[in-house]
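For reference, the chain that follows is the form predicted alone, supplied as structure tokens.
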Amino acid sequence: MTDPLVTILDDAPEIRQILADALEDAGFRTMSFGRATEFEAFLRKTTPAVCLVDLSLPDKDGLTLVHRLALEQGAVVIIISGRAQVQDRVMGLELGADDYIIKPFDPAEVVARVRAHLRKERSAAQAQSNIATFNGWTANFDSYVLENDENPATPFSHAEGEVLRLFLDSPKRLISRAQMQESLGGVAGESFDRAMDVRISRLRTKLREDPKNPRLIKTIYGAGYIFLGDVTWV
């Protein structure tokens, strides 16, 4: 079995080397890039297991790139940035990143987080089918698209997919914020709650839900959410 490929996008050569050394010592393959254009050219030919992305890039906006990665690649996206403000972390997670690590960092922590995300991905893949149908919709977790007879294939991000899968695994059962945090990881608090609210709002939009009266994803104020669809895993 081929070792998972981790791509590193950071304009600082010393950061790229530190990360590559730590990841390769842990058994991963790595590819490093200093510019977004080189990185994007590589992605046209290869899909990595994990993308480590700095936000302060010389040729493109890092947050825009993170959003594209989340929607198009299906890889785990981890931001590694010197931007430590809460709003930067929230924005990164809202745009689809799976994790956010602040510089300066401990290389061992980066390796641990990469392993944890891949372990979660493998467990989900082994435990379940990757295609579910519900109320006329089909969710494909291999291609990361939602579709039905009336709407073209609509892409969803890896982070949105984690939330959707949580709902599809437990239809018609209350899922509390604490359960979401435990299942999806992350640090409980305002930034996590806001990230979940944004992901759920985007899922409702993609499912053509009425925001004032959603039929599938119901908010139970003060308690959590309930997914009311009839789910079948194919």
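Note that the rigid core is defined as the largest set of C-alphas that superpose within 1.5 Å between two forms. Because the structure is predicted, anything quoted here is derived from the model rather than measured. Numbers for residues come from their place in the sequence shown, where the first is 1.
Another form exists, predicted together with the DNA; not displayed. Remarks below refer to it.
The DNA in the predicted bound form is not approached by Gln17, whose heavy atoms all lie more than 4.5 angstroms from it. The DNA is not shown here, but in the predicted bound form it comes within 4.5 Å of a heavy atom of Ser191. Heavy atoms of Ile220 reach within 4.5 Å of the DNA in the predicted bound form, making it an interface residue. The DNA in the predicted bound form comes within 4.5 Å of no heavy atom belonging to Ile79. Out of the listed residues Val198, Ala36, Leu43, Leu55, Val198 is the one that sits within 4.5 Å of the DNA in the predicted bound form by at least one heavy atom. In plain terms, the part of the chain that comes close to the DNA in the predicted bound form, with a heavy atom within 4.5 Å, is 157 to 165 out of 94 to 102, 113 to 121, 135 to 143, 157 to 165. Once the rigid core is used as the reference frame, the Cα position of Tyr144 differs between this form and the one not shown by 2 Å or more. For Arg68, the Cα coordinates differ by under 2 angstroms between this form and the one not shown after the core has been superposed. After superposition on the rigid core, displacement of the C-alpha of Pro13 between this form and the one not shown stays below 2 Å.
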